[in-house]
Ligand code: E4P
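Given next, in structure tokens, is a single chain: the form predicted on its own.
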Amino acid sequence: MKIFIDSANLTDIEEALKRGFAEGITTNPSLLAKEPKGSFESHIGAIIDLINKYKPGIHLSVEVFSRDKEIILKQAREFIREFGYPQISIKVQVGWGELETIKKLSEMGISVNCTACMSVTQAVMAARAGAKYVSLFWGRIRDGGTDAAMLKEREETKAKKALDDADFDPIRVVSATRRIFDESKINSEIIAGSMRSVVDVRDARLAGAHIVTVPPKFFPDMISHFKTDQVVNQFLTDFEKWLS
């Protein structure tokens, strides 16, 4: 399992990178908005500095902040030029209009991470358009089946058979996407995001995600186990008794 850091917080990113397990970092406008106000370019530059200090060459996803295709293309080119980081991917949200933009960016040799995917068909179409990565939002897929505010949209979508109840099960969505990718020899990688627990992280990988991007608050729980603590304490206590 490849683990990415889902954060724009410099302290959290540094603490994770120092420990060596992370293979990438994903950011988005909402994560950046949680940080102190400042220069977008400077903040991404600081993340790249941390990567170069601790683990050069790992993945970095930076998201555009527009739905206008011309602005997306402009921002993508600016990000590539401004940051000069070879392993950068440009995050572009999934959508009918965005597919054309993903295709153009891919043809320009720019790595695209198609984000906010909630369904199998979204992920497949984005990958076929040229996205190197497709990000399926695990927790939000599950929310889609229960969100009261989306009841009307959910029922309309089910009525026209664009989705059914199984499409709100993230295990089913990720595993079906991975099966199609493997059987069709689609080279795009599946990133599972929107993790809500350590159990989600485990299940996302078992469902077939190539990569799981994880909020840093879950890392301590991922490495901890109460039986580990018990056994290590027993070892140390037994050895101290033997020495005395």
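All residue numbers refer to positions in the sequence shown, first residue = 1. Because the structure is a prediction, the values reported are computed rather than measured.
Another form exists, predicted together with erythose-4-phosphate (E4P); not displayed. Remarks below refer to it.
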{"query": "Single option in R172, K104, R128, R140 placed near erythose-4-phosphate (E4P) in the predicted bound form, where near means a heavy atom within 4.5 Å", "finding": "R140"}
{"query": "Position in contact with erythose-4-phosphate (E4P) when the complex is considered in the predicted bound form, options H43, H210, K55, R196, heavy atoms within 4.5 Å", "finding": "R196"}
{"query": "Whether D6, T26 and K91 all lie within 4.5 angstroms of erythose-4-phosphate (E4P) in the predicted bound form by heavy atom", "finding": "yes"}
{"query": "Among 45-53, 173-181, 199-207, 186-194, the region lying within 4.5 Å of erythose-4-phosphate (E4P) in the predicted bound form by heavy atom distance", "finding": "186-194"}
{"query": "Residue contact check: L31 to erythose-4-phosphate (E4P) in the predicted bound form, 4.5 Å heavy atom", "finding": "yes"}
